[in-house]
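Before any questions on how it binds or moves, here is one chain, the form predicted on its own, in C-alpha coordinates.
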Amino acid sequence: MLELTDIDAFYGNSRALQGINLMVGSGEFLSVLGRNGVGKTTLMRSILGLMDRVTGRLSLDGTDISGLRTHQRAKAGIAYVPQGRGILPRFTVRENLTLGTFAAKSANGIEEWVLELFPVLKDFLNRYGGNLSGGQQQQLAIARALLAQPKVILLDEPTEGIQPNIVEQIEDVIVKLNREHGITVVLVEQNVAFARRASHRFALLEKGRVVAKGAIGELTEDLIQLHMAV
(Lines give C-alpha, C1' and ligand atoms only; values in the text may rest on other atoms or scores of the structure.)
Protein backbone atom coordinates (compact mmCIF):
# COMPACT_ATOMS: atom_id res chain seq x y z
CA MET A 1 0.00 0.00 0.00
CA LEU A 2 1.20 3.49 -0.93
CA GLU A 3 -0.12 6.29 1.25
CA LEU A 4 0.41 10.06 0.99
CA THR A 5 -0.59 12.15 3.99
CA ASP A 6 -0.67 15.98 3.97
CA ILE A 7 1.93 16.18 1.20
CA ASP A 8 3.14 19.64 0.19
CA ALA A 9 5.81 19.87 -2.51
CA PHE A 10 8.02 22.81 -3.46
CA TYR A 11 10.07 24.11 -6.36
CA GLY A 12 12.37 26.45 -4.47
CA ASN A 13 10.02 28.53 -2.32
CA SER A 14 7.04 27.97 -4.61
CA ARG A 15 4.52 25.43 -3.32
CA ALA A 16 3.37 23.20 -6.18
CA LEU A 17 1.31 20.66 -4.23
CA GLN A 18 -0.91 21.45 -1.26
CA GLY A 19 -2.27 19.00 1.27
CA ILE A 20 -2.31 15.88 -0.90
CA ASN A 21 -3.95 12.88 0.77
CA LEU A 22 -4.10 9.71 -1.33
CA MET A 23 -4.01 5.99 -0.70
CA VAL A 24 -3.38 3.25 -3.26
CA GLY A 25 -3.98 -0.27 -2.05
CA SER A 26 -1.66 -3.14 -2.90
CA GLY A 27 -2.48 -4.32 -6.42
CA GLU A 28 -4.72 -1.35 -7.17
CA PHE A 29 -4.68 0.87 -10.25
CA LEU A 30 -5.01 4.62 -9.62
CA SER A 31 -5.32 7.14 -12.45
CA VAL A 32 -4.32 10.75 -11.71
CA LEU A 33 -6.20 13.11 -14.00
CA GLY A 34 -6.40 16.82 -14.67
CA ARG A 35 -5.49 19.56 -17.09
CA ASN A 36 -1.88 20.33 -18.01
CA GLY A 37 0.03 22.17 -15.32
CA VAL A 38 -2.11 21.19 -12.33
CA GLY A 39 0.61 19.18 -10.55
CA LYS A 40 0.31 15.62 -11.88
CA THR A 41 3.99 15.22 -12.79
CA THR A 42 4.96 17.02 -9.59
CA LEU A 43 3.00 14.40 -7.66
CA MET A 44 4.98 11.61 -9.34
CA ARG A 45 8.27 13.36 -8.67
CA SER A 46 7.29 13.88 -5.04
CA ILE A 47 6.61 10.18 -4.55
CA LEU A 48 10.05 9.32 -5.89
CA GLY A 49 11.85 12.09 -3.99
CA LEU A 50 12.81 14.27 -6.92
CA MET A 51 11.45 17.61 -5.65
CA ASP A 52 13.40 20.41 -3.98
CA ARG A 53 11.40 19.87 -0.79
CA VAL A 54 8.44 17.77 0.29
CA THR A 55 6.64 17.88 3.64
CA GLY A 56 4.11 15.42 4.99
CA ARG A 57 4.30 11.63 5.22
CA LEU A 58 4.83 9.06 2.48
CA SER A 59 4.55 5.41 3.43
CA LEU A 60 4.94 2.14 1.55
CA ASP A 61 3.43 -0.99 3.08
CA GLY A 62 3.15 0.86 6.38
CA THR A 63 6.79 1.99 6.47
CA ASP A 64 7.54 5.71 6.45
CA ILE A 65 9.83 6.35 3.48
CA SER A 66 9.60 10.15 3.56
CA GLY A 67 13.24 10.49 4.60
CA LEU A 68 14.64 8.14 1.97
CA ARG A 69 16.60 9.35 -1.03
CA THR A 70 15.45 8.57 -4.55
CA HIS A 71 17.64 5.49 -5.03
CA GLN A 72 16.51 4.15 -1.66
CA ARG A 73 12.86 4.58 -2.64
CA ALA A 74 13.61 2.69 -5.85
CA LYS A 75 15.12 -0.16 -3.85
CA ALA A 76 12.11 -0.08 -1.51
CA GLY A 77 9.93 -0.92 -4.51
CA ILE A 78 8.92 2.24 -6.41
CA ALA A 79 9.71 2.49 -10.13
CA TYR A 80 9.12 5.55 -12.31
CA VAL A 81 8.59 5.91 -16.05
CA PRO A 82 8.84 9.67 -16.61
CA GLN A 83 7.15 11.78 -19.22
CA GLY A 84 9.55 11.80 -22.16
CA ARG A 85 10.71 8.26 -21.32
CA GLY A 86 14.18 9.08 -19.98
CA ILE A 87 16.02 6.37 -21.88
CA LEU A 88 19.73 6.85 -22.62
CA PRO A 89 20.04 7.31 -26.40
CA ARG A 90 23.74 6.33 -26.61
CA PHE A 91 23.23 3.14 -24.59
CA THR A 92 22.04 0.00 -26.32
CA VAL A 93 18.68 -1.51 -25.45
CA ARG A 94 20.52 -4.16 -23.43
CA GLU A 95 22.49 -1.51 -21.51
CA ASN A 96 19.34 0.54 -20.82
CA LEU A 97 17.61 -2.57 -19.50
CA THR A 98 20.58 -3.51 -17.34
CA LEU A 99 20.31 -0.14 -15.58
CA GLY A 100 16.88 -1.18 -14.33
CA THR A 101 18.28 -4.25 -12.59
CA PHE A 102 20.48 -2.18 -10.25
CA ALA A 103 17.49 -1.38 -8.01
CA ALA A 104 16.24 -4.99 -7.94
CA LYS A 105 16.38 -6.94 -4.68
CA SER A 106 17.48 -10.13 -6.40
CA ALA A 107 20.09 -10.26 -9.17
CA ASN A 108 18.12 -11.96 -11.93
CA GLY A 109 19.53 -9.89 -14.78
CA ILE A 110 17.26 -9.17 -17.73
CA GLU A 111 14.27 -11.37 -17.02
CA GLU A 112 12.66 -13.22 -19.91
CA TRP A 113 9.09 -12.41 -18.92
CA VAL A 114 9.81 -8.70 -19.36
CA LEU A 115 11.13 -9.25 -22.87
CA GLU A 116 8.07 -11.36 -23.66
CA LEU A 117 5.89 -8.34 -22.87
CA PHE A 118 7.80 -6.32 -25.48
CA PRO A 119 9.09 -8.74 -28.16
CA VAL A 120 10.52 -5.92 -30.28
CA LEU A 121 13.10 -5.22 -27.56
CA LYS A 122 14.34 -8.78 -27.72
CA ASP A 123 15.07 -8.29 -31.43
CA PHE A 124 16.80 -4.94 -30.83
CA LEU A 125 18.98 -5.67 -27.79
CA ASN A 126 22.11 -4.36 -29.53
CA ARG A 127 20.46 -1.31 -31.10
CA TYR A 128 21.07 2.12 -29.58
CA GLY A 129 18.14 3.54 -27.65
CA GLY A 130 18.26 6.73 -29.69
CA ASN A 131 17.62 4.76 -32.87
CA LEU A 132 14.30 3.37 -31.66
CA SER A 133 10.93 4.85 -32.56
CA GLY A 134 9.00 6.76 -29.90
CA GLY A 135 6.78 3.78 -29.21
CA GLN A 136 9.74 1.44 -28.92
CA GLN A 137 11.50 3.86 -26.55
CA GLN A 138 8.41 3.90 -24.34
CA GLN A 139 8.35 0.12 -24.27
CA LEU A 140 12.03 0.19 -23.31
CA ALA A 141 11.36 2.67 -20.50
CA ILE A 142 8.58 0.51 -19.06
CA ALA A 143 10.64 -2.67 -19.38
CA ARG A 144 13.60 -1.01 -17.64
CA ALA A 145 11.34 0.02 -14.75
CA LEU A 146 9.98 -3.53 -14.43
CA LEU A 147 13.46 -4.97 -14.10
CA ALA A 148 13.77 -3.11 -10.79
CA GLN A 149 11.13 -5.60 -9.52
CA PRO A 150 8.84 -2.85 -8.23
CA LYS A 151 5.83 -3.11 -5.96
CA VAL A 152 4.54 0.18 -7.40
CA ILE A 153 5.12 1.59 -10.87
CA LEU A 154 4.52 5.29 -11.60
CA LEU A 155 3.70 6.03 -15.24
CA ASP A 156 3.58 9.63 -16.47
CA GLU A 157 1.50 9.85 -19.66
CA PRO A 158 3.03 6.70 -21.19
CA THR A 159 1.17 6.97 -24.50
CA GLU A 160 1.78 10.68 -25.14
CA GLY A 161 3.23 11.25 -28.61
CA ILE A 162 3.15 7.53 -29.45
CA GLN A 163 2.04 6.28 -32.86
CA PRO A 164 -1.59 5.05 -32.66
CA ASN A 165 -0.81 1.44 -33.60
CA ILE A 166 1.49 1.14 -30.55
CA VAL A 167 -0.75 2.94 -28.04
CA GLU A 168 -3.14 0.01 -27.62
CA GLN A 169 -0.23 -2.42 -27.14
CA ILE A 170 1.23 -0.27 -24.37
CA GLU A 171 -2.16 0.16 -22.70
CA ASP A 172 -2.77 -3.59 -22.77
CA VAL A 173 0.63 -4.27 -21.19
CA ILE A 174 -0.04 -1.75 -18.39
CA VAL A 175 -3.34 -3.47 -17.58
CA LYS A 176 -1.63 -6.88 -17.69
CA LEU A 177 1.05 -5.73 -15.24
CA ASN A 178 -1.67 -4.80 -12.78
CA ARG A 179 -4.16 -7.61 -13.30
CA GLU A 180 -1.82 -10.56 -13.92
CA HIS A 181 1.41 -9.56 -12.18
CA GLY A 182 -0.17 -7.73 -9.24
CA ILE A 183 1.92 -4.57 -9.62
CA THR A 184 0.33 -1.46 -8.14
CA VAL A 185 -0.02 1.20 -10.84
CA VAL A 186 -0.22 4.98 -10.46
CA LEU A 187 -0.89 6.46 -13.89
CA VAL A 188 -0.92 10.08 -15.01
CA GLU A 189 -3.20 10.14 -18.01
CA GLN A 190 -5.24 12.46 -20.24
CA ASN A 191 -7.10 9.61 -21.95
CA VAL A 192 -10.25 9.27 -19.86
CA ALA A 193 -11.44 6.23 -21.81
CA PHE A 194 -8.29 4.30 -20.92
CA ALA A 195 -8.44 5.47 -17.31
CA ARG A 196 -11.98 4.16 -17.05
CA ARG A 197 -11.07 0.84 -18.66
CA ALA A 198 -7.94 0.22 -16.61
CA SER A 199 -8.36 1.88 -13.22
CA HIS A 200 -9.88 0.88 -9.93
CA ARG A 201 -9.72 4.41 -8.54
CA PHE A 202 -9.11 7.98 -9.74
CA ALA A 203 -7.87 11.30 -8.37
CA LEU A 204 -8.51 14.66 -10.05
CA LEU A 205 -6.02 17.48 -9.48
CA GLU A 206 -6.61 21.21 -9.79
CA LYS A 207 -4.02 23.86 -8.86
CA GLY A 208 -1.93 21.41 -6.86
CA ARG A 209 -4.82 19.99 -4.85
CA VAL A 210 -6.93 16.85 -5.05
CA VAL A 211 -10.41 18.13 -5.86
CA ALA A 212 -12.12 14.76 -6.38
CA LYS A 213 -11.25 11.11 -5.83
CA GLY A 214 -12.97 7.77 -5.52
CA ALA A 215 -13.84 4.56 -7.31
CA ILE A 216 -13.53 4.85 -11.08
CA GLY A 217 -17.29 4.45 -11.46
CA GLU A 218 -17.66 7.77 -9.64
CA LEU A 219 -15.76 9.64 -12.38
CA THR A 220 -18.74 11.44 -13.89
CA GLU A 221 -18.98 13.49 -17.05
CA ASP A 222 -19.68 16.54 -14.88
CA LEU A 223 -16.34 16.07 -13.09
CA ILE A 224 -14.53 15.64 -16.39
CA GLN A 225 -16.11 18.79 -17.83
CA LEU A 226 -15.38 20.78 -14.68
CA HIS A 227 -11.75 19.73 -14.19
CA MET A 228 -10.45 18.48 -17.56
CA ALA A 229 -12.26 20.29 -20.37
CA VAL A 230 -10.18 22.96 -22.06
Ligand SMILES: Nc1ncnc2c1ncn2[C@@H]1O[C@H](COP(=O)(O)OP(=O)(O)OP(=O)(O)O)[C@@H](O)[C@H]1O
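Numbering starts at 1 and runs along the sequence shown. Computed from a predicted model, the values in this text were never measured in an experiment.
Missing here is the form predicted in complex with this ligand; even so, the following discussion is about that form.
- By the criterion of a heavy atom within 4.5 Å, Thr101 is excluded from the residues contacting this ligand in the predicted bound form.
- Among heavy atoms of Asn36, some come within 4.5 Å of this ligand in the predicted bound form.
- Of the heavy atoms in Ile20, none are within 4.5 Å of this ligand in the predicted bound form.
- In the predicted bound form, none of the heavy atoms of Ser199 sits within 4.5 Å of a heavy atom of this ligand.
- With this ligand left out of view, the stretch that reaches within 4.5 Å of it through heavy atoms in the predicted bound form is, among 169-177, 38-46, 61-69, 23-31, 38-46.
- Residues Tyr11, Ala16 and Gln83 are all found to lie within 4.5 Å of this ligand in the predicted bound form, as judged by heavy atom distances.
- For the partner-free chain shown, just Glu157 of 141-168 comes within 4.5 angstroms of this ligand in the predicted bound form, judged by any non-hydrogen atom.
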